[in-house]
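Presented as structure tokens, the chain that follows is alone, the form predicted alone.
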């Protein structure tokens, strides 16, 4: 059932509407009494979640008799951003994920943020799906604020993702969608995967499999599910090593994403296409696994090339 959760007037007689699709048992009753919410599109240039929403609904519709709870799907929290291929809210130059929990008596953006929070709040689990930007590719991972790790890590382990990254608390997180909901006792998992402005079906299918597994654990789904992957979990800042460009040029990788590397192994070269020369070699400083890699090849000095997870964490 398609519902409009927020609506505001725009210039030239247009209307901005944020919608959700509530998928529930055919009987119309919530037998299980539980609800999972799938949220994406907060950033308009992150499209990986669009495929997840589609595939999740498609699979549920094939076995609707197996559904025993409510699945709320919000594919486009920032519809103007998606339409204009813009990360933030066009014309306002605002990152929507810095506006929560919002204010219904505030301006348009604050009003929309408040309406979203009010509608999603109370879910038994929320999956907030993001992609990387256009510059980097990320393996499927869940990022968790350390303030909520005891609550969220056990849920994240059921979602079939590769990596759970527990971050230190930061004041800027207090204005994000996930932080606002977790602070209101609505457990919210933040997924990061893929690359901006693209859809990676392999990652999308992996996450959908995990969502069904989590739904089964919650008692919302009675169909068959996969045995989820056992994720690598890191809660120590020293576990992650950042790789940055020392020169400006074109980055050409030599290794694949999520590949184990040895200390001293070449990850890629920064080249000068005018002179046909190698400006710098990007060398792995540790034994580890590459979970972030540069997607957009043009780099400036200091640009992030990738992130490595220390081998001892992966074991």
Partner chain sequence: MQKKVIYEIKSLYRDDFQVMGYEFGSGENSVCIVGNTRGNEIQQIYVCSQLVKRLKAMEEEGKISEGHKILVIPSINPYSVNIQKRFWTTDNTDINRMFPGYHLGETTQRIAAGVFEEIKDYRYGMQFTSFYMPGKFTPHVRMMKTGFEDIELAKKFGMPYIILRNTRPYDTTTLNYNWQIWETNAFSIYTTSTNSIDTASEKMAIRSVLTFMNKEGIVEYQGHDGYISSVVDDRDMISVRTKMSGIFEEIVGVGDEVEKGQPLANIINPYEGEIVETLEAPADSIVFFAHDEPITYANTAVYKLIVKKA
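Positions refer to the first chain, counted from 1. So that the term is clear: the rigid core is the largest set of C-alpha atoms that superpose within 1.5 Å between two forms. Just so it is clear, the structure is predicted and the values come from calculations on it, not from any experiment.
As for the form predicted in complex with its partner chain, it is not shown, yet the points below apply to it.
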Do residue 108 and its partner chain come within 4.5 Å of each other in the model of the complex, heavy atoms counted?
-> yes
Its partner chain contact in the model of the complex: residue 266, any heavy atom under 4.5 Å = no
Please check if residue 24 has a heavy atom lying within 4.5 Å of any heavy atom of its partner chain in the model of the complex.
-> no
Applying a 4.5 Å heavy atom distance criterion, does residue 303 contact its partner chain in the model of the complex?
-> yes
Which residue, 93, 202, 83, 146, has a heavy atom that falls within 4.5 Å of its partner chain in the model of the complex?
-> 93
Only one of 85 to 93, 119 to 127, 188 to 196, 68 to 76 sits within 4.5 Å of its partner chain in the model of the complex by heavy atom distance, namely 85 to 93
Heavy atom within 4.5 Å of its partner chain in the model of the complex - qualifying residues of 1 to 15 | 8, 9, 10, 11, 12, 13
When the two forms are laid on each other by their rigid core, does residue 264 show a Cα shift of 2 Å or more between the shown form and the other one?
-> no
Kindly check if the Cα atom of residue 275 is displaced 2 angstroms or more between the shown form and the other one relative to the superposed rigid core.
-> yes
